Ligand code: N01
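Take a look at this single chain in structure tokens; it is the form predicted on its own.
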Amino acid sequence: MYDAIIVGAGLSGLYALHRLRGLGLRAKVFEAAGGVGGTWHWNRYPGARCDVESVDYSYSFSPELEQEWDWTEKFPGQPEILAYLEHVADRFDLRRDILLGTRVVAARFDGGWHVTTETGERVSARYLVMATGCLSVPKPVEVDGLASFRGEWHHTGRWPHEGVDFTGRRVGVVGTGSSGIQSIPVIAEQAGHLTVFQRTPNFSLPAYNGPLAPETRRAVKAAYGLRRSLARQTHSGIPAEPAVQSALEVGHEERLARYQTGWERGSLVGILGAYTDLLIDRAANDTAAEFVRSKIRELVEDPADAELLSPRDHPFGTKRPCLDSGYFETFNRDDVTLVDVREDPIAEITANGLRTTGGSEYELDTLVFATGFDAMTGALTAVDIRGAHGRSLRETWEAGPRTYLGLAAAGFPNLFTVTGPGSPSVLSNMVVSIEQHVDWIADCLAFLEGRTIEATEAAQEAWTAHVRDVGAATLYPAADSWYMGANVPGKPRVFMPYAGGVALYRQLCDEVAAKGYEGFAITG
């Protein structure tokens, strides 16, 4: 019997294993994939890249690691991030406690946690840490007829490791979220003809990606301590000076100049962090949204395409903005066609391509589905997790997830969720949030010394209400986003992350721990 079982060997699972080992605990990691890396093992689609700068999208727990690893680009691509995580696994000798190619399908609490794998193996532990990631379960393709398609098709979330050759092929990409926006310019360079099927246009900003100069790397490494401290004190976990003014307190020209500076910065917070009220006041948000739409009109030569690519159904930032490398410019190519499937929805996949309800037919050799994930809860409810009274987490969350701090759930003793619903997670730099969660969990286990801990119903209900109220005070619920579960048919429409920010959330978690883990029942 182990002290702890960790499910997932991505950023969360690797750090959790390192921390729990440091406490002298016997821990084992189960990972469904054939390698470490989590999201960055699976997401190998063309152009896959992080939207947080490499020097910030990295662990802070080891000063030696910070100094020895050299990032080559401003925004790291999937191969470089995966190489970094593989280096971490080797450097800290983590692989000997990781079982790859082993999917956990069930977990039941009966004094301890009894975990069952896909092959029927059963393993027990005192504590269960779900490090399964927020964007790790691809959303099923929701179009009829896929089995009849004679070409090849792929989902961006499960890309073939050997890659895909698009040379000279007629390619269709369905979806224009983050993976679509990143992959479309790369696929267009290779395909004979690319057709993009867009239902909802998304806001995207230029990444201005490029190599990191040696002097830049040296400067970052020299000031890493200060940079990490600043990141933890921000709302987003991305180091930046906080905004101090409302967008409506300044004149039009001053506002445009500020947005232009943010546009040229190449950052998620460049424009969104320019003013204090862009995510809470619709009039303020409209000023930023229209600025980005004006940039789209400048970049896209065809006015009709520019309008189709300009979001108008959700406030700027209420879906995670994308960072791109030439996305809008791609639609100026003669060999790229944009199809509005909100106006003319996809009816079915045919043997030779795709047909819309209006009768238009598109002959395709390859289909790419960039249709996203069952975010935040999908990886947790995919496992049959049953708590102290036999009730499953899936049933418990039928009306939407309910957690305490995004870390624990009433009725599920000794279960911890890393960056679960009810925490800042997907609204933040994930590495900052992951380290904070894992550190809190490790400190809690050290405090428990083998005892049992369970969130109380009262604490869970109070926290869930707080998460709901903070979310409702923002513009986030105005968008049909995966933050709301709106992209998955039948999923409850609930705003899942905590919008209070990384700094405030850390403070609240620390206060709970300082008060002897207030809101938890500890027994044994």
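Residues carry their position along the shown sequence, with the first being 1. Note that the structure is predicted; figures quoted are calculated from it, not measured.
Below: the form predicted in complex with the ligand, not depicted.
- Item | in the predicted bound form, the one of Gly420, Gly172, Gly387, Gly180 near the ligand [non-hydrogen atom within 4.5 angstroms] | The option sitting close enough to the partner is Gly180.
- Query: Ok, Ser236, Thr117, Thr371, Asn352: which has a heavy atom sitting within 4.5 Å of the ligand in the predicted bound form?
  - Reply: So the residue touching the ligand in the predicted bound form, by this definition, is Thr371.
- Which of these stretches, 58-66, 463-471, 39-47, 490-498, has heavy atoms within 4.5 Å of the ligand in the predicted bound form? Heavy-atom contact with the partner occurs in 39-47.
- Spell out, yes or no, whether the shortest heavy atom distance between Arg342 and the ligand in the predicted bound form is within 4.5 Å. Result yes; Arg342 sits at the interface with the ligand in the predicted bound form.
- Would Trp482 show up as a contact with the ligand in the predicted bound form if we use heavy atoms at 4.5 Å? Looking in the predicted bound form, residue contacts with the ligand include Trp482, since a heavy atom lies within 4.5 Å.
- Message: Although the partner isn't part of this model, could you tell me whether Glu264 comes within 4.5 Å of the ligand in the predicted bound form, counting any heavy atom of the residue?
- Response: It does not: once the ligand is placed as it appears in the predicted bound form, Glu264 has no heavy atom within 4.5 Å of it.
- Query: Would Glu142 sit within 4.5 Å of the ligand in the predicted bound form, counting heavy atoms only?
  - Reply: Glu142: contacts the ligand in the predicted bound form.
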